[in-house]
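Before any questions on how it binds or moves, here is one chain, the form predicted alone, in structure tokens.
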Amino acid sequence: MITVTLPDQSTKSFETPVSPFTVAMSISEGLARNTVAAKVDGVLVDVTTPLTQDCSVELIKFDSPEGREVFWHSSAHLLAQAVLRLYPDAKPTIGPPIEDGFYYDFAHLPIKQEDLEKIESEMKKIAKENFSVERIEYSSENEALDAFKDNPFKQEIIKEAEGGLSAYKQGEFVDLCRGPHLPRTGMIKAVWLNKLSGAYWRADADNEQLTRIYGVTFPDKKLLSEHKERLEEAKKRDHRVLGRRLDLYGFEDVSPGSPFFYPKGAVVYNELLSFLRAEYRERGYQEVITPLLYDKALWEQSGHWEHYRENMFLVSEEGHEASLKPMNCPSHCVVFNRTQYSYRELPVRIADFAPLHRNELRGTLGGLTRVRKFSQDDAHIFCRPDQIKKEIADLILFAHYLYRDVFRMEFNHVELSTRPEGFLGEIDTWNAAEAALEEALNESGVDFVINEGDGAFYGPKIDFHIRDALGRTWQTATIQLDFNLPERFSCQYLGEDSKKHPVVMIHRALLGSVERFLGVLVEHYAGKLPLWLSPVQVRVLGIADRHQAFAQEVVDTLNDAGVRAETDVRSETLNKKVREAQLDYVPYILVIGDQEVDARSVSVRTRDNVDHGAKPLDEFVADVVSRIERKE
């Protein structure tokens, strides 16, 4: 007998043999039918995995992030099987799940977009054949190499693998994989292949070019229909399209990955920075302005030359190697070291909006959300070890205030990312840093998940993921703890014992890249930015020429009160002007006629086509100023 403990702490006892599928069947047949994987003692496994001793079991369905990952990873195998049936000379390489589906990269697959329909039909056919999916364990590297002797890409993966090697078989198809996977192909009820693109093996342009097929699948056709509807809505909200239409920003081939902010876009950008600067004043930050170009020696000292050089823009400066800075942290160490601080003067919080440059591949660039030139709401906090918890707790509160109270966005989840393979420094230092962040999260009452191996090379980090109006998640705020960089730059303070001690450095960017955050914000609000951020907050429309004098007086009164207002004096009909103001997403549209001139009032409409009637001018000005100040 073994005892299985379920998430609600109830238990079930079984005679062996038993599997998570058996556990699901003991609860209900419907649950078993919809269980895609299971967590056994916290480890994600196939539903057919034998349970040989007492354990905890969590049944995973498609409606969870882990469930979708398993479902879409299995679907990538389904895609590869269909491709090989139709194109036997193709060579599958890798096929991971991604945020909204999966892709698979193939060598020797010369197809066009119109061929995807044929592949999609074959996938549906294989799904209906309802093959059982079986796990294969290889006893040696040679056995695995022999199994994939006709695929040099799989052989390369096998030779680099550490630990055990496994594959999954469904029908005639076998693919190298760690798993877990769906128990049978018939669980995939809806298939859509939606994009074809090029890629390079191992994302290296010097390697062989591959064909990448993107797709998404669901356990229910209705879910696919809803997914397509969300994508249509996402197209309407595409920040690249809205940026051009609203004349906020654009992109030019003369500077790939570097957005041009037009006058209206610059207003929004600067409003964000002004808001942050006001918050910084309240929270004890000092803003600095630092250089953009640094000698190679700085990057060698910081470790970036060794660990990050491929992402940096390198230049030659009077015979010396140098680089545009991809991040601010080393320069802030230089700023900190100009003064010898005592323990009483810490923490020192240094903020910087300097432009940064990262050498992203052209093929990965995507509007404002993936750029080469950007600025961050970047700051570094230099503190004593005993101040870490309070500083982290304050930053968590700051992040909650920004996203929940100001931008009205929901947190989806929080991750604690731990030591990566190519880390800098000592393991003991990393362990202390990870423990400090975990303790701060626990004491702040924040639910979080561990993201193994995804920390920065210099320290572990906390990443906040928000959910937008379409339910999509975005990684935004990040808080990183660093014992290594202060040591490399000898950043120290004088302690109570009059001796020098190393400071701890906290990296934090709560919006992240300002450019990327603005792209997310535009899509979240579908271009209808909050009143306080709108480039034009009020547009005043005179019905006839005789009303223009008072319309201009209204504009001047609003501008004097700090409200961004303009008038439309074109010789167009009032209805057309109102409609165009609504299409420009101007929050308030004021109409001026004879009655308004006589009463010194304004007729108020909003961009959502609601007529709010007439209001005295002074009352309207006071009301809109109050709404802007309250960030409504």
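Quick caveat: nothing in here was measured; it's all calculated off a predicted structure. For every residue, the number given is its place in the sequence shown, counted from 1.
If you look for the form predicted together with another copy of the chain, you will not find it shown, but the lines that follow are about it.
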Exercise. So which stretch, 438-446, 422-430, 285-293, 526-534, is the one near another copy of the chain in the predicted complex (non-hydrogen atoms, 4.5 Å)?
Worked result: 285-293
Exercise. Just one of 107, 314, 231, 272 has a heavy atom within 4.5 angstroms of another copy of the chain in the predicted complex, so which one?
Worked result: 314
Seminar exercise, completed: Contact with another copy of the chain in the predicted complex, heavy atom within 4.5 Å, among 140, 340, 255, 207 goes to 255
Exercise. In the predicted complex, do 57, 103 and 223 all reach within 4.5 Å of another copy of the chain through at least one heavy atom apiece?
Worked result: no
Exercise. Applying a 4.5 Å heavy atom distance criterion, does residue 277 contact another copy of the chain in the predicted complex?
Worked result: yes
Exercise. Quick one: is residue 247 in contact with another copy of the chain in the predicted complex, heavy atoms, 4.5 Å cut-off?
Worked result: yes
For this session: Look up in the predicted complex whether residue 557 has a non-hydrogen atom within 4.5 angstroms of another copy of the chain, and give yes or no.
Result: no
For this session: Report whether the minimum heavy atom distance between residue 259 and another copy of the chain in the predicted complex is within 4.5 Å.
Result: yes
Problem set entry | Within 369-387, the residues that have a heavy atom no more than 4.5 Å from another copy of the chain in the predicted complex | 372, 373
